[in-house]
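Just one chain is shown here, as structure tokens, and it is the form predicted alone.
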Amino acid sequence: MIIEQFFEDYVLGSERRSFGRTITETDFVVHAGHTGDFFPHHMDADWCATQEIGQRIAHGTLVFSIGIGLTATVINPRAMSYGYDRLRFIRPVHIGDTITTITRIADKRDHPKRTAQGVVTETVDIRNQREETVLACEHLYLVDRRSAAA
């Protein structure tokens, strides 16, 4: 779906919640192949059984990628991703866990050099099926203004 939204249209505190997505062993294997990260924490069930966590854990970058992908349901031609800040892996995600992403508009500010755009900060809270936060970050958007700031 395409929804055009200018900088002025973003409302602080507005939230949206994604559908859930269950993490599979295939996700682990494909992500390891894409990234080259075959650490035993992700790939070796027998070794993990001897460790404190007791089972394989998802790559943090896998959880990030899928969690952010869950939010990609609306295309705003007036905005583009400007980057991510304060990324933290809070809790492990395992095969069979279902993640959901909750986003909230947390801040709007002028861009220091681009008067035709502003920066919108969206908090990202990726949760497991128990509603525990597993990953948190801030997503920055560069968003067109209706008219340039003075």
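Don't overthink the numbering: it's just position in the shown sequence, from 1. Please read all numbers here as calculations on a predicted model, not as lab measurements.
Just so you know, the form predicted in complex with a further copy of the same chain exists too; it's not on screen, but the next bit is about it.
Chemist: On the criterion of a non-hydrogen atom at 4.5 angstroms or closer, are I102, T121 and T133 all touching a further copy of the same chain in the predicted complex?
Modeler: Zero of three within 4.5 Å in the predicted complex.
Chemist: Test of understanding: in the predicted complex, would G69 fall inside 4.5 Å of a further copy of the same chain by heavy atoms?
Modeler: Close contact exists here: in the predicted complex, G69 approaches a further copy of the same chain to within 4.5 Å, heavy atoms only.
Chemist: According to a 4.5 angstroms non-hydrogen atom cut-off, is R114 in contact with a further copy of the same chain in the predicted complex?
Modeler: No, R114 is distant from the partner.
Chemist: Looking in the predicted complex, any heavy atom of A49 within 4.5 Å of a further copy of the same chain?
Modeler: Result no; A49 lies far from a further copy of the same chain in the predicted complex.
Chemist: Although a further copy of the same chain is absent from this view, report whether L62 comes within 4.5 Å of it in the predicted complex, heavy atoms only.
Modeler: L62 belongs to the contact set for a further copy of the same chain.
Chemist: If you look in the predicted complex, which residues in 48-87 sit within 4.5 Å of a further copy of the same chain (heavy atoms)?
Modeler: In sequence order, R56, T61, L62, F64, S65, I66, I68, G69, L70, A72, T73, V74, I75, S81, Y82, G83, Y84, D85, R86, L87 come within 4.5 Å of the partner.
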